[in-house]
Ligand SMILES: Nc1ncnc2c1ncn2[C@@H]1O[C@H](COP(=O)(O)OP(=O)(O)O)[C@@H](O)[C@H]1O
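A lone chain, given as structure tokens: the form predicted alone.
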């Protein structure tokens, strides 16, 4: 079992968008997946409920408690992957999600405010790496607006944190909101869309990092 957390102490950076679409993409590749909603706002659970009568791709379980690292093995004993949708501004819960993880993805929008706000989660991750040497982490640039200077420059700004930056990015696209509103992944909504291609590229890169 491999556990991937999507975490940032700043809200509104696309954590749930990445979490549900990454989990869906892994499921479409034949992997058994559990999505663990550790955000008290329960956005991933809301997404699952919005599916209505559509068959669930994977179970979504709420666990907004700072004991995630202690219980995740029991909750997801038979799964290939656990994807954790983390909470903003809850340090104890974030620390527990990090300790439960093999890989932490840090979504960051191309905004100076988001870049500055990343320091807090990076410090938590580097602290955890002392106790968990095999832990990996990487930035994911989200809500990128194509052909803008800030979209190009964000990667160089993030280099100061000395963590890898994924080559795959998630752009600002209406389909992410449209699919979420009906509980679908972008690949279900339109498998030929640019968003679906972005998610597939992200998933392949994650699998490569985890050597899966």
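Bear in mind the structure is a predicted one, so any value in this text is a computation, not a measurement. Positions refer to the first chain, counted from 1.
Only in words, not in the display: the form predicted in complex with the named molecule, which the text now covers.
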Quick one: is residue 161 in contact with the named molecule in the predicted bound form, heavy atoms, 4.5 Å cut-off?
no
Proximity of residue 54 to the named molecule in the predicted bound form, heavy atoms at 4.5 Å
no
So, residue 16 and the named molecule: in the predicted bound form, are they within 4.5 Å at any heavy atom pair?
yes
Contact between residue 171 and the named molecule in the predicted bound form at 4.5 Å, heavy atoms?
yes
Just one of 58-66, 163-171, 26-34, 45-53 has heavy atoms within 4.5 Å of the named molecule in the predicted bound form; which?
163-171
